[in-house]
Each structure stands twice: as C-alpha cells, then as structure tokens.
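Take a look at this single chain in structure tokens; it is the form predicted on its own.
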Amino acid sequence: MSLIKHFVPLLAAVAPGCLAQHSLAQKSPVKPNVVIIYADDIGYGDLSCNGAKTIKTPNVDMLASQGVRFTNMHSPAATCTPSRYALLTGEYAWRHEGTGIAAGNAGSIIRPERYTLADVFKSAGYQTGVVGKWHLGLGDKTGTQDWNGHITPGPSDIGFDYSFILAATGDRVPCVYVENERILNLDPKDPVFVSYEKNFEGEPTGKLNPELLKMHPSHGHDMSIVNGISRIGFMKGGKSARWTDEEIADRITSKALSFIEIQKGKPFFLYFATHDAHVPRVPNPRFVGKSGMGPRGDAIIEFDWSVGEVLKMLKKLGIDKNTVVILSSDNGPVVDDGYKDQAAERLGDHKPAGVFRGGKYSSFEGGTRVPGILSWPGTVRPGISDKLLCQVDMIATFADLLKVKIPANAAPDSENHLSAWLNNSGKGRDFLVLQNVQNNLSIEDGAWKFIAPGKGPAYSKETNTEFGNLDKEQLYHLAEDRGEKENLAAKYSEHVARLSEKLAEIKAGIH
C-alpha cells in the first residue's frame, strides 16, 4: 500500500468538535508549516549548543545556528504530563486535579471540549499530526478503555487529523503503538489486557522473574516484562503489537517524515514528541557506545539523529524556508530514573542541567529551564535570546501569527509573545508560574525567583534530585545566581512580598 493511499483517508477525518472552530479563522497572509520537536527528559546542559562538552549534538547545533537559541525557555512543569497538558491547552496544569504524571491506563486528560494548539492550526486550514509520546491519557475514564477497538476520546477529538503514538510512555504498559486510536498490528485472537492494580495469572514480572530481564530496575519498574524490560503496570496479550524498544526512535521518526512528505504543498502542523532520553533507555544498536556515557548519552545522540532526519526531509522537499521548527523539552533531566543503566556511573564531568540546580521533578531551575530553539530560515534572525519564555504561550503566540481568534475562556494562561519568539523586539514574560512534582509552585520574573513554602520531601535519594520543597520561603536572584545557591528571602523581603502577592493573584485567576 502506498503511503498516500495509507494516509489520505486518515487525514480526511476531522474531529466534529473542531468544525465550528474553523469559522474563527481570519485570512492570514502567512502560513508556514510548523514542526514542534518535543524532547523527553533532555536537560538544558545535554546539548552541545548549550555548552555540553562530552556529548555532541551536531544536528541540534545546526538548527540553533540557523535560528534563535533561547537561554531562558521553560517547560510549564518539572514533569511530563503537566507540561504536555499546558503546552497543548494554554492552561497551567496545576489549576486542575488529575493532571499529574499519568498512569498508562489514564482516561483522556484533555477533554474533547477543550480548545487546543492543534485547534489553532485547524482553524487556519492546516493538516495536523501528532507522532511519538502521548502520555495524556486515552479513552473516557481510567481503566475502562477498549484497548482492542477504537480508543476514544483520543487525539482526533482535540484537533489532530493523524496520530501515531505511544499510549503513555516507555516505562508504562501498554507497550504498543496506537495509530489513529487503534492498536497497530493487533491480532484479535490475542487481545490486550491492562491493569494497574494486579497482575494477570501466569504473567512473569521483573520482581519475581529477574532472570528474564536484559535491563534491571533500580527502583520501581518491576511489573510486567516486555522485550526483556520490566515496566510499571501489568499487561497481558497483544504479542504481535508490542514494540521493540530499540526500534522506537526509528519507527516514530519514520512516521513523522511520512507525515511531512505527504503534506508537502499544503500547510501542516506536526507535534513530534520523541522519547529517547526517558527510561528505559534502549537506543538502536547503531548508536550504542557512540557517546561514551552509556545508554543515556547514546539516547541523546539518537535524539540528535531524529532531529537531523526531520531537517533533511524539509530540505529535500524544498520547504525548509517555509517551515518553523521549534525544539524544546518537557522538563529537566534525570539520571537514574528507575533502571540500572549506568547513567550515573558514566556521567563523568557532564552536567545534564548545565549550570542550573535541580532537574526533573524539581522547583529549582534545572526542573523547567530547558532547551529552546526556533528556526524559520529567511524570516527569523539567528541569534541568542535571554527573554523569559514558556511553552504554555504557544497557543496565543501562534494564534497571533495565523490571525486566528481564540474562543473566550480558552487558553487562560497563554500569552502572546510572537515578537519575542521570532527574535524581534518583544520582551517576553513579566511573570511565569512553574510547578514541581508535588505541585508546589514557584514564580519568577526573569531576574528574581520565589519558591513558595511547600509540603513534601526536600530530596529524593532514588533519583538524586533536590525537589526544592521547604517549609519556608525561598528567594533567588537569578540574574546573579543562576545556580540558586543563596536563599535571599530574609534579606530582600520586598521581593518576597511582591512575588508572593503576584503568585496569589495568578492562582486566583487575576492577570
């Protein structure tokens, strides 16, 4: 079957909830293609364009050299699901319960009635696609999905014409690809069963059957075994549909390239969410040993390859100058996140978060200060920007670019910073609220950062992460202390009062 024959029927279907939104579009003189490459668990310091010396990421570096590299770009949260929720909805995830790290059998967290980033592009006449990690839930309610049929609600209900996704993430079952809301290559004689409560009779687990593992857990991750790796959650069946971890990057990159190639000649939006640096880190054999830092480093090299493949395809099709490419990450880095993969032992002098304190899960800058690059050759002036920016602003920013009117009450926390994103005169955000894994909040204005007192542990021994949780106020002068080494709350009470008051206003919905 040709690619065109395979894709055209899929792209013809439009979610009913999006039809009414098409009338909101105004005629726009600019309709560039847009590709968002959303890395998983890659830190600010993991890329050579951001100063990494041990790891080389030449394709990312090339993208940065032809665009603007942001040194103060933030994910909305220090963990994956809330960051993805905020990016696609334009709303801080901490405003809603049930937006924490999603279980593999979670129901759809972004409900069909929500206006999304994909809807912005649909309103402007774009074809839309999502490829890669999803981790935003599928189906109506947790644990009630029909994994062996049409899994709905899903991406098509929130603006995506085409989807090829991991149902959750690599360390959680079900370990299958879901294409247009149906499990790919599923044998109806071997249906999929999923549980996050108890194991299925006769199914081996990492805890009870370690002899079956090719990668062992360091903490957690000791339930169902798929491809010699134990996961979170229990799964039975679906043998023909299960992925091979070593092939995930190749598979999703191929699907991303196919979507781009088929859409040439008409505007498209692709949300390409890679998985490489997230556990379990099992890069393709051709990348093994390339970094000298073990599987985590090799996975970053693999990510760089995926970036290069996208850039080559855009150039091959002659659409590179009419395509906006944005690269960022869902949260900061973590080294040991549940598997014995020598990531910590082979880290050497590499600093995944760069000069910043903390990492994934943390209120400190390393939790949300992530790589940020925007390239639009011939339109965006190459350079470096230190303006305070956040992924939550993509809806309002692209709506301005495409002259799309956002419906009332949609994307309440998304701000239009088009000029700053395009490296023009815009100044970026005045204030940005961020959340850590315990949903404790911090606020910063580009120069000062206030971390509100919060419950929860200060440190995780398992992941070697400082959460930033204290029962007292914290204040850091980021302009002079990027490593957040000195708490100045007692010394500068006026900044504590100013930022804590602003945080309270934003929490109350006052902007």
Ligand code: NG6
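Numbers for residues come from their place in the sequence shown, where the first is 1. None of the values given here were measured: they were computed from a predicted structure.
A second form of this protein, the form predicted in complex with the named molecule, is not displayed here; the remarks below concern that form.
Three-residue candidate spot C80, H135 and H219; every residue lies within 4.5 angstroms of the named molecule in the model of the complex by at least one non-hydrogen atom. The shortest heavy atom separation between D119 and the named molecule in the model of the complex exceeds 4.5 Å.
Put simply, E365 is far from the named molecule in the model of the complex: not one heavy atom of it is within 4.5 Å. In the model of the complex, I232 approaches the named molecule with a heavy atom inside 4.5 Å. Residue contact with the named molecule in the model of the complex: F164 places no heavy atom within 4.5 Å of it. The partner is absent here, but in the model of the complex a heavy atom of I101, alone among I384, V288, L208, I101, sits within 4.5 Å of the named molecule. Residue N331 is the only one of T128, T89, N331, N436 with a heavy atom lying within 4.5 Å of the named molecule in the model of the complex. Only one of 294-302, 170-178, 410-418, 423-431 lies within 4.5 Å of the named molecule in the model of the complex by heavy atoms, and it is 170-178. Of the residues in 344-377, those that come within 4.5 Å of the named molecule in the model of the complex through at least one heavy atom are, in sequence order, K360, Y361.
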